[in-house]
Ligand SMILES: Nc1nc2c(c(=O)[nH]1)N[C@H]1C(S)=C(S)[C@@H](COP(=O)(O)O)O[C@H]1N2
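One chain comes next, on its own, written as structure tokens: the form predicted on its own.
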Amino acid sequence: MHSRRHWLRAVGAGWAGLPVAAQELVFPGKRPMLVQNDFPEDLESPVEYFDQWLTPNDAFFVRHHLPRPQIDHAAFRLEIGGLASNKLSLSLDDLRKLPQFKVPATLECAGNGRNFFHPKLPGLQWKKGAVGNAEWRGPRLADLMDKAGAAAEAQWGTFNGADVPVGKTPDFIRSIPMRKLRHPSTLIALEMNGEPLPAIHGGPARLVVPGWDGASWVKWVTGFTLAAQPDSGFYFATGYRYPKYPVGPGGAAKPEDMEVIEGMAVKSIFVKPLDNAKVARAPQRLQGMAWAGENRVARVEISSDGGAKWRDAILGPENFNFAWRSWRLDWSPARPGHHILMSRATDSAGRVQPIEPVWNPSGYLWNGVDRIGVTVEA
């Protein structure tokens, strides 16, 4: 591992203009990323990669619970069983022959922003970059279930992938309720941004559950079972749950008071300028992205005086459920010196990005107003 790290650092040194931390390790098919873990890969996107609406595949974050599997595309099968009258075993060609649909959707890890909670929590210390926006393409889950003859009593789909447990780590299995599986935007994605779905992002086929947390988007899907009840395994019955009632910082919630995470929070971030940037005392174009789970972004506001006053940013033309939206605002610094800039978003359901999100014992759903420091040079 020591020699491997040194070799990867040497390869990464050729990428100019990026933070040193982003040059530490390089992975095939990826730009330099902020490495949370190198095996299995957990790779965070530097914020400067979010300068376009669709996040390029080579800049998109990666979250793996188990080592990435090797899949023979020719032998691949998607098995559909359980409460179904016509159990299916579909090849990739079979899946490609079905009607294909495109859905732009933002994918975010539930733990994105965990690093900002106080007191600190165990787990990957994501900051802002465990998120990305892509255009996903593939057959609809509703069409697959109709083809399989889903029974009326089937209320859940339980999904498994080709990744296998290591040691005592449980298998990664998730259940999705029928109301979401039947949504016309829920897909088995075969493409990402117009390219075959990369293996590092769950290729050749992954579940896409727009607006929901990344744990729901099961990668390397090899099958799903239609059932009357959800799975009882760790990653659904215990993991990726959030307290029904707020607990104080450092507190604990009773297991019976935990519920499954579904739709993600409303959130915005700065993309330009970067935190700790130095800028001239001249008009500056502030830019960023905002997203809101299953809802649309309705408003983004910016403050340059610690939240005393807020100005509306101009929203980009992208206006979709599930996908993030760009924003911009021209700011003329009133004085030289250090400034704290803040952004907050409001979504189509009226949810407002809070000053401080509710602390929770797993460090999920951080969505506090984004803050960056900028020094205006005299």
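We number the residues from 1 along the sequence you see. Computed from a predicted structure; not experimentally measured.
Form predicted together with the named molecule: not shown, discussed below.
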4.5 Å heavy atom contact, G293 and the named molecule in the predicted bound form: no
I'd like to know if R63 sits close to the named molecule in the predicted bound form, meaning any non-hydrogen atom pair within 4.5 angstroms. yes
Do W220 and the named molecule share at least one heavy atom pair within 4.5 Å in the predicted bound form? yes
Does any heavy atom of P243 come within 4.5 Å of a heavy atom of the named molecule in the predicted bound form? no
Exactly one listed stretch (259 to 267, 201 to 209, 76 to 84, 284 to 292) reaches within 4.5 angstroms of the named molecule in the predicted bound form by non-hydrogen atoms, and it is 201 to 209
Checked E191, D163, D231, E301 for heavy atoms within 4.5 Å of the named molecule in the predicted bound form; positive is D163
I need to confirm a contact call. Of P104, P273, G214, G239, which residue comes within 4.5 Å of the named molecule in the predicted bound form, counting heavy atoms only? G214
